[in-house]
Structure formats: structure tokens, C-alpha cells
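Look below for two forms of one protein chain, each set out as C-alpha cells: first structure 1, then structure 2.
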Structure 1
């Protein structure tokens, strides 16, 4: 046990001595978070909103509700009017005019609610989104912002919709079938499990637009959590920097993976330098060396995440303290999963360059697909499915829920279980390989 501690101290000494490693672990992620935080969310109070042309051709009640919500959105500013140069007058945007503006590069994107925004036969919402591919990132943010707004207003919109539609057109008998149909659509639209929509009880439905009160109910279903979050959003209190919150979690996880993989693959370095053999010719066992690497990686990972979160709090006012204990839990479990990723790479590689090559590739893919860089809700359906096969996804989502929605652990238990399972399975396999093979 004492030797494990000494070995951890050794790894720590080596790490601190390696200025590049320290920079890569703390400074580079911090700088990237600043840069991307500013691009996506803007810093502190001076952050700007993304401008988007908005045309509402629908006279549906729902469209109006959404428009209102978008108007009060913290990430988007709806531009509804434009100036006519010749007559020096102001006019409302039309769809044609919006397209013209985007083509001319005067605006990055436009959102149009067409007249068939809500058709009588379906409750799917038709929204047209025009954008200039040159502004892909900004478009993605706008699209994300709109989806987010709709998504978070869902519990308010759909009950209203449901009661209205059901009563008007279907009558009691077909109500059940309609609910089913709606659940299908909502489920495919928002990736919400159908069951949780169906469990959305009629009492909640009837509370309709004044659903804020229901947020106190504690059964933890997905929709209920949404309602809860919703009310937070409406008062505009806690969440100062939603986009940055996501970015911090995403980038932190990516760099965590890089850092911890580097630590794990340093076993190769030690093998090459002969120090590993030297240690093994001293009163030290293989298991002790592995454990020391594991504990050191965990400690470093936790420190790295803490530093990055505290940093994002200092710079961007990201709220890390209201849900601090839960945040710590997610940090520890994420670090553990990232360590196990490094371990399994090391256990499988035959050389350090192979290990680093494979790790870099996998980390970049996982980060892109798993939502480190862009929110996964912007992805096409199939990619959203693929995302779930990455460690990154479960970790980023967990951070999101914890910091954005102030969720309790019960709301992210699946994320935590999956991350823990990844840790346990990967680590056991790595230990098995280390002890069996002649790798080291």
C-alpha cells in the first residue's frame, strides 16, 4: 500500500515536471473553452444573441405560443422586420424576402412557420429553416435554440394541443388512439421514450398551460423533469449561459480522455525507458503498478475536471454550485470511465505510437459523435443512435442534466450506470490482459 502511494507520487512528480503535459491538461482546454464559449454563448453579461429572421404565416395558437417563447429566448433574437432602402420604410419579412436576405449573406438564417404549421390531421409541426452553409455553426446554434425552446415548452404546448384537438375532432372514444399517435410523433421528434409520454397523466394534461406548478411532483419521469426545468427557464433565473454549459462539459470530457489515455499509455514509455522493469525488480508488484496508474489517473482526471469547471464558473458564470455534490458525483464517475478507456487502449496496443494513434482517432470520433462539440439533438436520427455507443455521450448528457437542468441523480441514473459499467468492464478486461499477456 505504501508503495502504491510512492508510485502515485512518482507519477505526480513526473507529470508536474512535464510542462507540456500540464499545459495540455489545464491551459489548452481552458483556452478552447474561452474561444468556443465566446463563439457559442458569449462571455459573461456581454454575450450577444444570434439573430434570425422570423416569419410566422400560421395563425395557429401553438405557433403564437412558440413565437412568444422564442421572443423571450436568451440565445436567439427574432428579426421580423426589415428596412426598405428606397422608401426608407420598415416592412415585415416575408418568406421570399427572407430567402433573398440569406442568399445575399445579410443574415445567417431564417425560421418560417408556414401556414400549414399545424395541419388538421397531424400534430407534427412544420417549420422551415433556411440557412447559409457558410454560417453552419451559427445556424446550428439557432436551430438548436429553436428546438430547445420548443422542446422545453413541450409540456405546455402539447397538453393545450391535445385537449383542443382531441375534444374538437375526435371525441372521447378515439382519444386514446390519438394519444398514442401523438406519443409516436413526439417520441420520434424529440427522442423521448414513448412510454414516458403516455405516462404523462391526464391530470397533468388538464393543468395545461399553467403547468409550472406540476414541476414539484417528484416521480422523476422524463416529462416531469421537463416541466420542472421549464419553470426554471421561464423565470430566467439559474441558467446564465446554457450554451457554454454544454461546451464546458463537452470539451472537458474530450480533454479528460486525452489526458488519461496519455497517463495510461505512459506505461509503454516506462517499458521503453526500462523503468518499468526496474520497478518490477524492486519490491513492487504488477498489480501495484497498475493500481498506482489507475489512482493517479483518477486523481488527475478529477482535478482536471474541477479546474475546468471552476474556470468556466469564473469566466462564464456557469453555475456549478447549485448542484455541486451531484456535479462531483458525475465528475468522479466520468473520470473513472475515461481512465478505463485509457487502460483498455493500453492493454490492447502493441506500442506507444499505436496506442496514441488509436486513442486520438477514437477520442476525436467519440467527441464529435458523442456531443462534445455539437449538441446531439442537432444530429440526424441515425447519428443520435450512434452517439449512444460513445462514452462521451453519456458523460456529456449527465453534465448537461446536472448543470443545465439542475437534475437530481435519479434523473441521470441510466447515464451513471452505463458509465460505471463501462469502467468496470473495461478495467477488468485491461487487468486481465496485463496479468495474462506479456505486454509489460
Structure 2
């Protein structure tokens, strides 16, 4: 038994000394649990909020109360003002400006309370909802949050709206008879004085309301007649396969990182095989060796991305040709940034196992945080900031803009600048270390 114990001790010692194994065993799962926990288990208080433009043209008291409730929502953040770049001043959103911002991809949705939202003669609440379902989950959360908030106000206005609906379809005389019969039924079954019921249903909608007077309500099909929720999809309505269009860029960049990092770290294999030593004896410089590896990796990365997008087009009918030239530009720049990531890993690793372990850790984290797996709006605010420090975030956003809304390069110039900067900085540093002999 003592011998077995010593052998187990030996295996634990080897495991602890293998930093790659320790990282993959403990650190990667822990980080992913944090990310998944914030998305699915953190609850509304820790989860990020979706920005929704809000325009209120109504003078109705109900509109003001609903606005207050939306302001305190755990899933929605109302955006009511925007900055005018020409004058560097702040202005209130208009309906037209909200539509412009959504089409440009600056915000995912807008809710508009028009001037006829709820007048003294209205038989229903009128609401306009403009949206860009680039992230399907985000759109569902936004619409659900808005509708839930509105439904909580129905008990306060239901009697008056129901009365107006009856008068509209039955006429004033029959509508009055309907109201009296309803009052008789409620009075006989619930013991409520008939006069109080009639007085309540004939009162103004806004009378006696306060922001505290809300309660939950379930909606049936007849309630839809009391709320005219006019939804207008501004972007992506003509896409043949919006679901795959949303995700193809994120998954493509993740697999690209794995492929190109493996190629970059293959320098360690060439060292073990003796190929690198023979190359250094030839009339080639260290920089030329590294650049050849870089250009080969980049060419393979471009081919890989093209194959993935063409495959998506052939199998799932994803539209890649409407904005093909701009898509090619994003593919080339994204491949360049992905290769530079592999180069920076190689520049700091001391062995192929260490390089592969660190690369796997970072790729999984960047993919999860950077938007390859989930929409980044689901994250807490602090994690959304972290996401912007990953190259996957800028690549995924660029692919979505190009494929979802057929954006021009001018609309994603910041994404391209950051990806190019990553390529230049990482590659320059890798070349510096390679020339100094710090890698091999």
C-alpha cells in the first residue's frame, strides 16, 4: 500500500508541475462558470440591461406612470437623449431620430408613445415599437419587459376602456345597458354596491392614479383589443435565414483562432524536429521565418473563413454576396488579428504544451465574453467593458454589421482600426522577441 501511495504522490507532483494541465483543469472551468453564472444564474440585478430609446409624445397620466415603471425595470434601460456631434449638445430623441439610430445599429429598439397614446375618448392604448432583432434574445427580453410593464397598468384602466369598447361596438344606448348588466352581476356576486361600480367605470382614466397603484395582470386574447402594440422591424426583415446569419460570424472567428494559434505554435514542433535549426543555418533571417509563418497562417485563415461562409450560404442560404466586397475586407483583417494572437502566444510560451494550454484558455474566454456564444448585452456592465478588450468582440460586431444590416465599411471603421492595431502591435512585439532570440 505504501508503494501505491508513493506512486499517487508522484502523479500529483507531476500534475501540479504541469501548468497547462492545472489551467485546463481548474482555471478554464472556473472562468466559464463565472460567465455562465452571470448570464443564467445571476438574476436581473446582476445581468446587463438592454438600451431602449424612449419617446413620449403623450400627456396622459398613464403614459407617465408606465415611463416611471420602465425606468425602474431590471432588464431595460431607457435612453431618452442623444448627443449632436456637430454642436456637441444634448437633444431629446424624436421618433424619426430613433428610427435612424436603430437602422444604424446604435440601439436595438425604441418604444414610442404617440400623442394619441390614450386620450379621453380612446378605446385602446396606442404604442409603437421599432426594433432591430440582430440579437433575438435581446429583442424578446425588450418586448417582454415593455409588455409586462404595460399589462401591470391594465387593472387601472380596464373598466374605462371596456366601457368605451362596448359603446364603440354596441352604440351608446346598448353600451350603457351592457355596463349596467355587468355592474349588476359584479354587485350580486361580490357584494360591491352597484353605484360604486358605475361611478368607477365612468370616471376619467387618469383619476385617482398614482405610481404605487399597480398590480400584476394576466392577459387574455381580449386584452389585445385594449392595446394596439404596433411593432415595426427596421432591419433584417428580408434575410432568408436570420438565425444562422446572427451566429455564423461568432463561431467562424472562434474556430479561426484555434486553427491559426495551432499553426503559430507549430514553431515549437519545428524546433523539436530540428527544422528550425536547419532554417537558421540558411541565408534567411529570423524575421523572414516568422513572417513566412504569419503569411501562411493568414492565407489559410482567409481560406477557412471563406469556406465557412460559403458553406453557410450553400446549406443555410445565408446571404454573403449582397455585401461581398466588404465581407472580404472584414475576413482579411479578422484573419490578420487572429494570426497575431497566435504569434503573441508563441512569443511568450516556453513549450508547445504551455502555448496550447494558454491559447485554449484565452480563446474560450474571449469567445464566451466577446459575443461568439452569447449577445454581450446579457453580461453585467463590468463584463461588457471587459468584452471590448477582446479581438473576438470587434470581429463579431463587424461581421454582424456587414451581414445583418449590409453596412458599409465607414459604419465599422472603429472595429477595423482596432483589429488592425492589434495585428500591428502583436506582430511587432513577436518579431522583436524572435529577433532577440527570446523565443528560440
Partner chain sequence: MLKITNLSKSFNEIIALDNVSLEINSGEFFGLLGPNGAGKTTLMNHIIGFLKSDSGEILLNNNAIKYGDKNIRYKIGYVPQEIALYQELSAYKNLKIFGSLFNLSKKELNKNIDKTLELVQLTDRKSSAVKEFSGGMKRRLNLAISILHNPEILLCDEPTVGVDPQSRNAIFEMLQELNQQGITIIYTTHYMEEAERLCNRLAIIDGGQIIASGSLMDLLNKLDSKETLKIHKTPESIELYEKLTKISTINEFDFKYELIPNKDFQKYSQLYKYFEEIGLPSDLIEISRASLEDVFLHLTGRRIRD
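Residue numbers count along the first chain shown, from 1. Here the rigid core means the biggest group of C-alpha atoms that line up within 1.5 Å when the two forms are laid on top of each other. Owing to the predicted nature of the structure, the values given are computational and were not obtained by experimental measurement.
S.K.: Only one is the form predicted alone; which?
M.R.: Looking at both copies of the chain, structure 2 is the one that matches the description.
S.K.: Superposing on the rigid core, is the CA of residue 75 displaced by 2 Å or more between structures 1 and 2?
M.R.: After core superposition, the C-alpha of residue 75 moves 2 Å or more between structures 1 and 2.
S.K.: With the core lined up, does the C-alpha of residue 309 move 2 Å or more between structures 1 and 2?
M.R.: Where the cores coincide, residue 309 shows only a C-alpha shift between structures 1 and 2 that is less than 2 Å.
S.K.: I want to check residue 58: does it shift between structures 1 and 2 by 2 Å or more at the Cα, with the core superposed?
M.R.: Yes; residue 58 is a residue whose C-alpha shifts (by 2 Å or more) between structures 1 and 2 when the cores are overlaid.
S.K.: Align on the rigid core first, then pass along the CA displacement of residue 6 between structures 1 and 2 in angstrom.
M.R.: Spelling it out: core superposed, C-alpha of residue 6 shifted, distance 51.9 Å.
S.K.: Superpose the two forms on the rigid core and tell me the Cα shift of residue 380 between structures 1 and 2 in angstrom.
M.R.: That residue's C-alpha sits 2.6 Å away in the other form.
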